[in-house]
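Only one chain is given next, in C-alpha cells, and it is the form predicted on its own.
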Amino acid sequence: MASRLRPWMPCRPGRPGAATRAARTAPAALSLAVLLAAALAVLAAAGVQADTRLLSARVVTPDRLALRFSAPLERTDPANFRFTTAQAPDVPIAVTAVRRAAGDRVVLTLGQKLSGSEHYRLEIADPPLSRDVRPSTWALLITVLLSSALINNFVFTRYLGLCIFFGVSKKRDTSLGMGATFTMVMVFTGMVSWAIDSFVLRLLHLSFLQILVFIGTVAFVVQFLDTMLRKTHPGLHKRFGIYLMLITTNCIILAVPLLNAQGSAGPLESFALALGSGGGFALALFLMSCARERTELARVPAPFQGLPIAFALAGLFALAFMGFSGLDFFR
C-alpha cells in the first residue's frame, strides 16, 4: 500500500504562548501600578479632596449653619468659608467659629443672626465648593401664608379691595359668608391661573396676555359661583347683592396671580399666597363687621355716621396691623 505523503509547506514562525505574552506585559503593568500608587501618594500628601461633596446645608437659628459632607473636611478654619445673603452677594457675613460635629458634619457660627426663611449662598475655598442655602419647604409656606394674611394684608397695608370691604362689612354673618366665598374663589382662581401661566402662556411666549386670561378665569369662576349660590342659598346670594359680581374686578383677586407670575412661584408658594390673601381678606371683613356693629349701638356724631366712621375704623385697624411689619416667624 502506497504511503501518503503530506505536501510540503513553508515553515512559519510559531506564535508566542500565554506564558510568553504574560512575561512581556508584566513589566508594563508593574510600571503602571507604580505610577498610579505614586500619584495617589502625592494627592494624599497634598491633602487634595477630589471626592468631597457638600451634601446638605441647613440654617439653625439664631446664628449657626449645619453642614454635612461626603467625606471628612480637612481644612476647617473660618477663612475657608464665605457666607452671604442672596440679596447682597458682595457683602459677606463673618464666620466667627467652625466646629466639627459627629461624623462628616461641620457647624459654622456666624457673626449675625440668621433667618430660616431667607436665601443664602455658601462658598468653600478648599475644596472648591458652593451651594445655595434655601429655606425648608414648610418654613417657606408658613412664611408666605402668614405674611400675606398679617404682615402684608391686602386691605390694611396695601389698601386693595376696599369696595367690597366697605360694602359687605356692615353685618357679621354677611361678612363671614363673603370671606369664605372670597377665599374659595381666591384659591381656585390662583391655582388655575398659575397652571395656565406655567403650561400655556410661558411655553407659547404669550405672557403679555396674562391680565386678560386671569380676568377671564376669575369671571368664569365667579359666574359659576353666582349661579350655584342663587340655586342653593338664595338668602345669602341676596345679601351679597352686586358685591358678589364685583369679585371679578377685585384688585386682590387679580393681584395674586400677577404676583405669582412675576415671582415665578411654584405650585405650593402660589397656593400659600392665595390662601393667605383670601384668609387675610376674610379676617379684615370679620374685624370690620364686629366694629361696625358696635358703632351702631354707640352715640356717633351725625357727621361721622356711615362711611366716615367706617374709614376711621379702617385707619385704626391699619395702624394696628402695622405692628406686624418686620415680624419674622423663624428667627
Partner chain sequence: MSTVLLPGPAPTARQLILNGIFAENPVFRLALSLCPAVAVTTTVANGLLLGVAVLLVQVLSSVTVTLVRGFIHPRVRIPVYTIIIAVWVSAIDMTLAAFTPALYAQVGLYVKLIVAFAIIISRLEVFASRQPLVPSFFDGLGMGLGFLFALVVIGAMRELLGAGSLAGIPLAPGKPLLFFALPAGGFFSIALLMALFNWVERRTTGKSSAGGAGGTHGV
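Numbering follows the first chain given and starts at 1. Because the structure is predicted, anything quoted here is derived from the model rather than measured. If you superpose the two forms and keep the largest set of C-alpha atoms that fall within 1.5 Å, you have the rigid core.
One more form of this protein should be noted, the form predicted in complex with its partner chain, which is absent from this view; the next part is about it.
The stretch that touches its partner chain in the predicted complex, counting heavy atoms within 4.5 Å, is 151-159, out of 151-159, 224-232, 102-110, 187-195. Though the partner is left out of this view, residue 175 does not reach within 4.5 Å of its partner chain in the predicted complex, counting heavy atoms only. Interface membership of residue 239, defined by any non-hydrogen atom within 4.5 Å of its partner chain in the predicted complex, is ruled out.
Although the partner is absent here, residue 211 sits close enough that one of its heavy atoms falls within 4.5 Å of its partner chain in the predicted complex. Looking at residue 133, you'd find every heavy atom of it more than 4.5 angstroms from its partner chain in the predicted complex. Note on contacts: among 200, 180, 79, 258, the single residue with a heavy atom within 4.5 Å of its partner chain in the predicted complex is 258.
Note on contacts: among 71, 125, 97, 163, the single residue with a heavy atom within 4.5 Å of its partner chain in the predicted complex is 163. Here residue 300 counts as shifted, since its C-alpha moves by at least 2 Å between the shown form and the other one after the core is aligned.
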